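Given as structure tokens, the chain that follows is alone and in the form predicted alone.
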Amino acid sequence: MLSRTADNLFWLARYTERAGNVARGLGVASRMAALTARLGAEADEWRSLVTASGSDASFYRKYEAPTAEAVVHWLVFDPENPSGILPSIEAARRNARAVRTALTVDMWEALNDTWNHLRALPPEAMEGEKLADFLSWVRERVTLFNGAAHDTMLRDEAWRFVHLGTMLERADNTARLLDVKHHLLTAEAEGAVDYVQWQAVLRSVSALRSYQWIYRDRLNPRRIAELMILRPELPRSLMACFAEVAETLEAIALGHGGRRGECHRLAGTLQAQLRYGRIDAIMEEGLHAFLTTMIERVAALGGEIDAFYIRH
């Protein structure tokens, strides 16, 4: 496969997954902000969301404070934020057009229809009380695209680069989400608000019911961290994501005569660290320090994949 094609497929998947992740985060933050507004802490939810998006430095250069209006505009419309929903879908479609023949008809139609619908929507259709419906629609469209890729693509190299981009973006999102909420997971509940915030963390990765199924007990912050970091059953856990990344990179290597690089070593190291890790050891090390390292390693792994398979 040409490096340019691999690049387009990889980033097509990352931008599509990113749009869905931002929609998830915005939906949860808006519900939590309504709850914490009574406690005078509404801005904390919006501030955390901007930080989790990884674009806080750019946000504060343009906006004075993380108000609901500013954060929604930044994470939905603003063309200066490449991680926003509309810019991400636009970038995904641009990459898809460049490699349209490598995609199935279902994948292209899912993404192209999404983009055409977004362009036709007036701004007021994504604001106020209509925001929740819009975010739900975005999540559904991303799920449709992912489902089309999973169900209709040949399991060839094109599929592997799409899957690689999706899993790497998903791992980055989970690590960032946990990191901005790490203080909630390192102490026992002090009241109903803490308990609701634990629920919000799980809802951000659609894992509340999964937690109840696995642990069959009341919410516990240590178990929430364990579920989202170490449990392979959860599709959005760090363990599950890095297992998929390592397996996919190995399959790509076998298709290139067994040639491997630093990206394979780093992916294998991360997978092993999580596979044999224990939540007690992570908590003792410091959850924030652990997650910060994970975010840095996701970025490093993305750079090594780019250097070995794309820019090379």
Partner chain sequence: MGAASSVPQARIAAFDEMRAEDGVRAAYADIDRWLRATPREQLDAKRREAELLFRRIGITFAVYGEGGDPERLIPFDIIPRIIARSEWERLALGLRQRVRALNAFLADVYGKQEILRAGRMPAALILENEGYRAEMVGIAPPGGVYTHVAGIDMVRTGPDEFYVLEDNCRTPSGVSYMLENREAMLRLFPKLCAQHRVAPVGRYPEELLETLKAVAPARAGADPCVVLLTPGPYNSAYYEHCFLADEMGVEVVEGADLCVDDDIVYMRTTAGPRRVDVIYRRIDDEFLDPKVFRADSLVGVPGLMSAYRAGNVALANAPGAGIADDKAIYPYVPEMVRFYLGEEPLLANVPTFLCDREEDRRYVLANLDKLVVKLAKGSGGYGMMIGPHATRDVREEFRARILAKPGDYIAQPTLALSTCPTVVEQGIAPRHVDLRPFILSGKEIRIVPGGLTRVAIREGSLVVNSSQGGGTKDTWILEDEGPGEAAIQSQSQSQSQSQSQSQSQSQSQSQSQSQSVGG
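Everything quoted here is computed from the prediction, not taken from an experiment. Numbering follows the first chain given and starts at 1.
Note that the form predicted together with its partner chain isn't included here; everything after this is about it.
J.: At the 4.5 Å heavy atom threshold, is residue 176 in contact with its partner chain in the predicted bound form?
T.: Looking in the predicted bound form, residue contacts with its partner chain do not include residue 176, since no heavy atom lies within 4.5 Å.
J.: Even though the partner isn't displayed, in the predicted bound form is residue 113 close enough to its partner chain, meaning a heavy atom within 4.5 Å?
T.: Judged by the heavy-atom cut-off of 4.5 Å, residue 113 is in contact with its partner chain in the predicted bound form.
J.: Can any non-hydrogen atom of residue 159 be found within 4.5 angstroms of its partner chain in the predicted bound form?
T.: Residue 159: no contact with its partner chain in the predicted bound form.
J.: Is residue 222 close enough to touch its partner chain in the predicted bound form, meaning at least one heavy atom pair within 4.5 Å?
T.: Close contact is absent here: in the predicted bound form, residue 222 is far from its partner chain, nothing within 4.5 Å, heavy atoms only.
J.: Counting any non-hydrogen atom inside 4.5 Å, which residue from 150, 100, 203, 130 sits next to its partner chain in the predicted bound form?
T.: Filtering the options by heavy-atom distance leaves 100.
J.: All three of 2, 109 and 309 touching its partner chain in the predicted bound form at 4.5 Å, heavy atom to heavy atom?
T.: The answer is yes: all three residues contact the partner (heavy atom, 4.5 Å cut-off).
J.: Can you check 234 to 242, 177 to 185, 67 to 75, 113 to 121 and let me know which stretch has heavy atoms within 4.5 Å of its partner chain in the predicted bound form?
T.: Of the options, only 113 to 121 has residues within 4.5 Å of the partner.
J.: May I ask you to list the residues of 59 to 93 that have any heavy atom within 4.5 angstroms of its partner chain in the predicted bound form, in sequence order?
T.: Read in sequence order, the lone residue that approaches its partner chain (within 4.5 Å, in the predicted bound form) is 93.
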